[in-house]
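Before any questions on how it binds or moves, here is one chain, the form predicted alone, in structure tokens.
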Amino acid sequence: MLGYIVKRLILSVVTIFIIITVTFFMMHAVPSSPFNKPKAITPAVFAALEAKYGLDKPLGEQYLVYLGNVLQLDFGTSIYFRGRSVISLIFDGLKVSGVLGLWAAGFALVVGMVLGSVAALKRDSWLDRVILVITTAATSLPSFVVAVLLLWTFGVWWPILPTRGDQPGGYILPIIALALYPTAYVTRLMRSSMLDVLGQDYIRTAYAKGVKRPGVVFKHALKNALTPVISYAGPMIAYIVTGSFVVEMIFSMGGLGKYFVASIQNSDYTLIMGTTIFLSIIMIAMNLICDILYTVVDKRVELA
């Protein structure tokens, strides 16, 4: 177990190093400059700005300096948001995106596992068919489409919920918009996994020993059926926490999406690189945590 964790940590560090390197050189390969977008400036001012942000140095030297700063969690100063460090902007946005994403992820996991288990236990019943139809429809709708439909339904046609994230109760619609697809996916995944587990020999043995159905389901089947859900939960949580940019913009929420979109529109190199690296670290960390949780849920999994 310890050896596996060490190997995964080393692999994670190497992956992050590759992401930093690729992101840095791709951003510097872009032909535009962050200083020529707002208005025309004189060559002297342009040179002074490049010197201030270290862009006048050789590319290799810039890379080594940036790599050293990142190791100290210093992503530099934003070019567009003057006077603000990139890490402070990321944490400001994470206060909104993180809360929104964690609520949506928690909703998706809890509701998805419950519905998937019910569908498996009621296989081929009318309830199973209803759940399958709804989840199939939900998986075909992108989150931004769901967000627009929710915005029109509860903001125009039947205005009973706030449509802006800065209003009381303003997180309700964004959470639903973000959670609908992963809820449907977790439901279908849990149903399939539960059906597979319920057909195993040890489940039939438990029934033969006289164990009641609730005991079989909660003590034996449910725990073993969670393994594929956990494998999906890591990337799902990271994606929802960091990938709610469009939904945030639709509901006027000041999360990471606002800063990321602004950084792209204004060629804010430091902010683009900082957010990309930060989001990649979250994704890698969630995958590592979920892989380790395999042994907690299913002792049959041999990680070594």
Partner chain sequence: MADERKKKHFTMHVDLSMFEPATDDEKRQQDIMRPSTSFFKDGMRKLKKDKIAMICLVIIALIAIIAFVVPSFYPYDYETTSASRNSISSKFLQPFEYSEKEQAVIAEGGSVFPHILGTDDLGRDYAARVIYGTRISLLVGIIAAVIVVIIGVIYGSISGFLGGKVDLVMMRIVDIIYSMPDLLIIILLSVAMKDIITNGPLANTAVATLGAGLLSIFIVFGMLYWVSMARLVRGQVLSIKQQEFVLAARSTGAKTGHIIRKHMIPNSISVIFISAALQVPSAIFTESYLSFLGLGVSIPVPSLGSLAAGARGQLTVRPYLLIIPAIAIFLIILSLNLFGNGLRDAFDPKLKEAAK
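Numbering follows the first chain given and starts at 1. Since the model is a prediction, treat every value here as computed from it, not as a measurement.
Just so it is clear, the following notes concern the form predicted together with the partner chain, a form of the same protein that is not shown.
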Tell me whether F107, F154 and M253, taken together, all sit within 4.5 Å of the partner chain in the predicted bound form, counting heavy atoms only.
no
- Task: Indicate whether the partner chain has at least one heavy atom within 4.5 Å of a heavy atom of I272 in the predicted bound form.
- Result: yes
- Hey, in the predicted bound form, does V145 get a heavy atom within 4.5 angstroms of the partner chain? yes
Since only the chain is shown here, I'm wondering whether A29 would be in contact with the partner chain in the predicted bound form (any heavy atom pair within 4.5 Å).
yes
Counting only non-hydrogen atoms and a 4.5 angstroms cut-off, does M286 reach the partner chain in the predicted bound form? no
Of 204 to 212, 217 to 225, 178 to 186, 107 to 115, the segment with heavy atoms within 4.5 Å of the partner chain in the predicted bound form is residues 178 to 186
Students should find that, of L141, I172, I87, L127, the residue having a non-hydrogen atom no more than 4.5 angstroms from the partner chain in the predicted bound form is L141
Of A51, L59, V45, M249, the only residue with a heavy atom within 4.5 Å of the partner chain in the predicted bound form is M249
